[in-house]
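The chain below stands alone, shown as structure tokens; this is the form predicted alone.
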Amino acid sequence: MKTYFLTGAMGFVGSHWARNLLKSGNKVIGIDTKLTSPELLEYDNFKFFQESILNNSSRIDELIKNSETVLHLASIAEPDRYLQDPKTVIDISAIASMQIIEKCMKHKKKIFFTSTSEIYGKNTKIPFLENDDRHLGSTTIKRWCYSSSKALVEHYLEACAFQGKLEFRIVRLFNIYGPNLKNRVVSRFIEKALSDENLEINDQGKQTRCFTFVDDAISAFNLIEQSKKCKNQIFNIGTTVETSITELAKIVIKLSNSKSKIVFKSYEEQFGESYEDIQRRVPSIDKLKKFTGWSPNISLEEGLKKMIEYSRKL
């Protein structure tokens, strides 16, 4: 069994992975700014520090030193935050990440980094391969601060590995959803549908996404983390089934037996002027299949049913 240092341990994806690792008998040292998954504290093999990765450099250094592998998930992934607080997004996603990478090199620790499908930006070549070009909007558009921050960290990991000083694994996540998700399109739709409130959709809702259930993502994480073949590699993690936002809304309404109606709003009404959307976001997962044999198993309807059932109990 291993000892992992997990940043963002109380976040949506982080808490699911922490639980999975703990159930397998591993020791997890977690850090996050909030205690939002207190059930993790029931595990004797879990130790938690409630603080920011920006604040206590000596503590972070000690925790990395005392772990075998660093799982760096801490980030700000909500689009609303890109627009309201871009500096903090950059501080957490880029600056703190590079400080953690420095400490990993100092103590000769492996690092697993969760990047994002936002990396590809507005590239219209579908599906996205891991080595495809990036196509972003202007730096005056706040929406792109998250993608740029994650890309900078990817560049830094590659540069450090090129010098022979680091072993990494990078995953780019495509719309992960599941129980305990907050402030994202799937969770918002379910929350409103269960209350029979209107589901608000930007533009005409023709944008498509490939929604990936969190259990499938965690399965991929474990395969990548454990495989020596995946050393210093980047992988897309997602389904290849495209679903429009309007289709998603209709499915949620149907599965939750809701009386909700679909209402269309402009981007400007919801986000203001500093926002651009991505019309299609579809991964190629051929590389991940080749390296690990992984493929997603949970359909969108099956995953949404699980999430709706969970939400009803809250």
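Treat the numbers as computed from the prediction; the structure is a model and nothing was measured. Numbers for residues come from their place in the sequence shown, where the first is 1.
There is another form of this protein, the form predicted in complex with a small molecule, and it is not shown here; the text below is about that form.
The contact residue chosen from 230, 94, 76, 186 relative to the small molecule in the predicted bound form is 76, the criterion being a non-hydrogen atom within 4.5 angstroms. For the chain shown alone, residue 114 is a contact residue for the small molecule in the predicted bound form, at least one non-hydrogen atom being within 4.5 angstroms. At a distance threshold of 4.5 angstroms between non-hydrogen atoms, residue 53 is in contact with the small molecule in the predicted bound form.
Within 4.5 Å of any heavy atom of the small molecule in the predicted bound form lies no heavy atom of residue 296.
Taking the partner from elsewhere, residue 224 is found to have every heavy atom lying beyond 4.5 Å of the small molecule in the predicted bound form.
Contact with the small molecule, judged by heavy atoms within 4.5 Å in the predicted bound form, is confined among 257-265, 243-251, 28-36, 284-292 to 28-36.
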